[in-house]
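Next up: just one chain, as structure tokens, the form predicted on its own.
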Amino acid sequence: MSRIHDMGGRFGTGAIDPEDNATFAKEWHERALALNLACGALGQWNIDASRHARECLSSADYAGFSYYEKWLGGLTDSLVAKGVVTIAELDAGRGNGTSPLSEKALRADKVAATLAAGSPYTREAAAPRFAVGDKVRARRPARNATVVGGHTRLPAYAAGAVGEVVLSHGAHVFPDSNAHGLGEAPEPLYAVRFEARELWGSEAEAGDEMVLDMWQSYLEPA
């Protein structure tokens, strides 16, 4: 990842407050989450595309926005890009007529069942290349190998690091493809354990570990 959202291990962002357990710190945060879920039900994009939309916010906006402001920023850009709403409608604060997607609106009485059904991302795919216990190296650089500047779940701090496969999750939709309308391209997905010092050097505590979910094409034998 080469965008500002890939911030793992960077200095200057402050410490994480382990006492901050707020799910919705402000009332509008609930509405922001609900609006994102309701718009997702319109079927105009998938979860990987919505993540990429948030990642594509400008560096200034990403650094200045709160968590749910980022969600609303990415959602707004997606709605306009897909022609669901126009800039003029946003400026006016109301729609211009009835949307052709109105039949897909997620009604209140359907919400519980829709959320309970979930969106499984497991798929059938070729046999896994790696087994539990295998040593693997994360691909360098940590970027989308197909789409320049595209979405990837391979964090920059893991690029080139050596770890050990500790679990095979089976095959899952590949986000680097799915985010860009290139198909689901499912791949085996693994949990890979890295020594913290392998990722961040001597500044990390000796003995600490991090486990990352890594798609097969992110890895090579080590």
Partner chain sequence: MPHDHDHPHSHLPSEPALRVKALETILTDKGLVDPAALDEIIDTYQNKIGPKNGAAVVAKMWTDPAFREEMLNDPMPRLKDMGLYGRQGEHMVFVENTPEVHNLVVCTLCSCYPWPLLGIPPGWYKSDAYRARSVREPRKVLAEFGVSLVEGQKVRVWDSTAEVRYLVVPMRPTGTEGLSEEELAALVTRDSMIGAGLAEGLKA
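Positions refer to the first chain, counted from 1. Owing to the predicted nature of the structure, the values given are computational and were not obtained by experimental measurement.
The following text describes the form predicted in complex with the partner chain, which does not appear among the structures shown.
**Student:** Taking the partner chain as it sits in the predicted complex, is Glu124 near enough to touch it, meaning that at least one heavy atom pair lies within 4.5 angstroms?
**Tutor:** Glu124: no, not in contact with the partner chain in the predicted complex.
**Student:** Would Gly95 count as a contact of the partner chain in the predicted complex, using a 4.5 angstroms cut-off between non-hydrogen atoms?
**Tutor:** Close contact exists here: in the predicted complex, Gly95 approaches the partner chain to within 4.5 Å, heavy atoms only.
**Student:** So in the predicted complex, does any heavy atom of Leu57 sit within 4.5 Å of the partner chain?
**Tutor:** Output for Leu57 is yes: heavy atoms within 4.5 Å of the partner chain.
**Student:** Is Leu182 part of the interface with the partner chain in the predicted complex - any heavy atom within 4.5 Å?
**Tutor:** No, Leu182 sits far enough from the partner chain in the predicted complex that none of its heavy atoms falls within 4.5 Å.
**Student:** Would you mind checking 183-200 for residues with a heavy atom within 4.5 Å of the partner chain in the predicted complex?
**Tutor:** Counting only heavy atoms within 4.5 Å of the partner chain in the predicted complex, the contacting residues of 183-200 are Leu189, Ala191, Arg193, Trp200.
**Student:** By 3 Å or more, the Cα spacing of Asp176 and Phe11 differs in the predicted complex; is it closer or farther than in this view?
**Tutor:** Note: Cα gap between Asp176 and Phe11 shrinks in the predicted complex.
**Student:** Comparing against this form, do Phe194 and Ala15 have their CA atoms pulled together or pushed apart in the predicted complex? The difference is 3 Å or more.
**Tutor:** Phe194 and Ala15 sit farther apart in the predicted complex.
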